Every structure is written in structure tokens, then in C-alpha cells.
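As C-alpha cells, the next two blocks hold two forms of the same chain, structure 1 and structure 2.
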Structure 1
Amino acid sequence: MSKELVHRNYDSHPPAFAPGYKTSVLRSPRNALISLQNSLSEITGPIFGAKDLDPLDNDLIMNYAKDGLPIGERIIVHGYVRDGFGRPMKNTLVEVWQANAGGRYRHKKDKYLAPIDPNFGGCGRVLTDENGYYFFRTIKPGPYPWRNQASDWRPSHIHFSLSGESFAQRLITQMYFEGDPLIKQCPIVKTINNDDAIRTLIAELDTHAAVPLDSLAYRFDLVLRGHRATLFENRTQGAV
């Protein structure tokens, strides 16, 4: 009995061509995707382990601190990665990156006038545990302006990359923060034509997980495509 992935439902994803996000215009394929039934090439995928990471990799407050702590609102972001059937996705590589509290990225191509924080790198990574649970600690990223229309601002957000256990589960997304008025104006958020799908990208303030006199917490759960078992094979008895 082998496992296959449930087909991807594109209704919960942005289309490739979403002209409100101008860069997508020339970077979007115009032909239909060719749909494949799964083979080993799609069902398998890279396996990551503790040896790929270091213990501080999920602590963005400490993992680039040089001579002090980064400036900004201290937060914990945590949640569960599950598949479509609600099963925990264990041992999934979760990689995150973000701007600093002023909305500036530590990247040689980011020229925004807000300053670099000398004590903040802006990236982290962690493997989910047996229950699909992950957590990291960071500072809340600031919003920033970007060239799309002249006055577009990105809401505060953290980029997430997930490996899953199959190459066909690979996913990149962005997490937003509950209550941010910039979310509903954002051309990148609005590439998704589905309010339910947008809602799942908004992390909720989680007061029970806040650390008193230290950090607030946000809860962000993610769902990857589900695996279903192939119960019957169609190969005839004589075939090898």
C-alpha cells in the first residue's frame, strides 16, 4: 500500500497572474499546468534532521545578537503543522524570514531608509516535533513601503517556508498579524481571491502563551496537502 497526495485545490491559492501585484504580470505562466498523477518523484522529498540545524536557529532574538538585543516588540510565534486530514506533520523544516522592527531587511538589495538593526539577522529555522508543533522567538516586524503603486505598504509579516515529507507538499507563504489595518489593502494579500484562505494567514494574539514581563505570543497553524493511502492497485497478477 503506497501513499499519494490529495490533489491541490487551487481555489485556496493565488493565481499566477494577478495584475494588482504588478511583478506577477511578466512572471506568470500563461499555459495550463500539466496535471500529473503522483509517482515516486512527487511522493518522496528531502528529509531533514537535527544535524542540519543548531539549537539557537529558532531564536531570532539571540541568533544574531552582537553587543545587545534587537530593538522591537518581543514575540513568540508558535503553532502546529498538519496535513489536510489533520494529521501532525512531524519533522517538517520550517524556515522563516522577516524585516526588523523598522521594516528593513538585512539584504543587500533592500535600500529602504529605515536602519538595519545591528543585533537582528531576521531569519530562523526549526523542525516540527512529533506533534507537528513548532515555535520560535523574534521581534515583531515593521510594515514598509514598496514599489507597486507609489503608496503601497506591506503589512507586518513573517515569511514561512515548509518542506513537508513530499516534494509536492513544498510551500511558501506569509503570516500576518491580527488587527493590522494594512492587511486588507495589501496587493500581495489580495492576490488570493478567497477570504477564508486569507483568514488562515492571519495569526491570532495568544495571551495564554505570552511570557509574563517578557514576550507576547501569536499562534499560527499551517496545513499542507494530505496523503491518502492507495488501497487498491490496478496491476494485473502476471505483471512484475
Structure 2
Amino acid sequence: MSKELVHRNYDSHPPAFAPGYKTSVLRSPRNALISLQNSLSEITGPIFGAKDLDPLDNDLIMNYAKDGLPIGERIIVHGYVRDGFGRPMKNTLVEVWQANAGGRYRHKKDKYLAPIDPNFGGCGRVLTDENGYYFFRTIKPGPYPWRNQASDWRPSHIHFSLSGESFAQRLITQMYFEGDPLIKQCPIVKTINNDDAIRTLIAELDTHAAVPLDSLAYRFDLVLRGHRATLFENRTQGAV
């Protein structure tokens, strides 16, 4: 029997050192990497179940609302988490965090002049079902300027974290929105030299899943390995 193994193509991943993305200059390794063996805690948990989540964890419109509903465009984001052979990744914890409709994060170090929405927390989580399907409601995040170059702006995006059966299996990526002209201008996106890889980060408008007179919907599938793998941020730099 042949062993199912698909080697990752690292040519599509951005380099650790990308001067156009100024933060990478200090974050990129300066010395040769050393392989360290995972500790027991990194390979044996945690395991998440439905009892660990609250009913509103996947509803960012309601899970922080206090005196009213958050301001902004209501959207649905949904899709499947699969492996490189199309098999569903069930019971995968999907965590998301994002800026509000004005482009500001609920974080003490975010000093952007856009106001903080008192009814929007900007984070949520959901477990995939037996088919690897996930679903959450939120407010479409706004773009925002950032201190890279003088006129650089981040496109609207949502951060995703996927947790497998242990801490060592956590993967992180960002989702962008179809048709956003800021995507091709973003210095972070431009570190990726493969158009196919960039397309794996862009959610497509899905009118079939929209809620009439309420919410547009975007489809964002995540593939963990194989030729159609989603580009994740925390791959091992310099791996072969």
C-alpha cells in the first residue's frame, strides 16, 4: 500500500526577511535554525469539545453586545476545513479576531483615531462539525493605516487560528475579501510571490448563503496540506 504523503511546496511561502514589510526585519532569524524536540505538553493537548464553548461564541454580532448592536455591515463567514486529500477535519477549533467596522481593534495599544464600538468585541470561536464545516456571524472589518511606510493601509481582514489535537498543531492565517483593491497593495501580501497562494487567502462572495435583508456571506475554505493548501503564517522558516 502506498503511503499518502504530500510534501509541502515552500516556494510559495514568503521569506522570513522581507524589507518591504518592516516588522520582518527585526522578527526574522539571524542565525541558523535549531530543531527542538516538542515537549509532552506540546503534543498531548488540549482537546476541545462542544461543552467548552458558549452558544454565542461564533456570533461576534451578539457576543459582546451590551446597550445595542454593533455598527457596520453584517456578514456571514463559512466554509470547510479539510486535509490535502479533501477529508474533513472535524472538531477543529477555529478562533477568529478582527478590527471593528472602523478598522480599530479592541486593544489598548491600538491608537487609530477610529472609535471603539462599545458593542463589538472582535473575537469568537467555533468547532467544525463532522463534515469539517464552520460558520460564524460578524461585522465586516474596516481597513486601517499602519506604521510601515507613510501611506500603507491594511486591507480588511480577519485573523484565523486553527487548533488540532495539540498546541504544536496550531496554525494561523488571515482571510481577505474578494474585490478589495488594497490586497494587491499590502506590503504583507506582497511578500508572497505566488498568485495561487494569495488566492487561498481571499474569501469569495457567496450570495447563496446570504440572509435576505440582513447579511452578505463569504465562503472561506481552509486546506491544511497538499497542493491546494491554505497559506499559513507560522510555518517553519527554512524547512526542507
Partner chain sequence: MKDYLAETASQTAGPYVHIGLAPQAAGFNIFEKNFSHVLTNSHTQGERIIVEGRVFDGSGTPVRDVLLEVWQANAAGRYNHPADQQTDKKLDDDFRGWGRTCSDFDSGVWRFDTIKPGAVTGRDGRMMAPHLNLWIVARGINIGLNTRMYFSDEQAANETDPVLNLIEWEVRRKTLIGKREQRGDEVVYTFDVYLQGERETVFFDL
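Predicted, not measured: the structure shown is a model, and the values here were computed from it. For residue numbers, the reference is structure 1: its sequence is counted from 1. In this text, the rigid core denotes the largest set of C-alpha atoms whose superposition between the two forms falls within 1.5 Å.
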The form predicted in complex with its partner chain: 1 or 2? 1
Core-aligned, is the CA shift for residue 170 between structures 1 and 2 2 angstroms or more? yes
Residue 59: with the rigid core matched between structures 1 and 2, does its Cα shift 2 Å or more? no
Given a superposition on the rigid core, I'd like a yes or no on whether residue 187 shifts its C-alpha by 2 Å or more between structures 1 and 2. no
Once you lay the two forms on top of each other by their rigid core, how far has the C-alpha of residue 43 moved between structures 1 and 2, in Å? 7.1
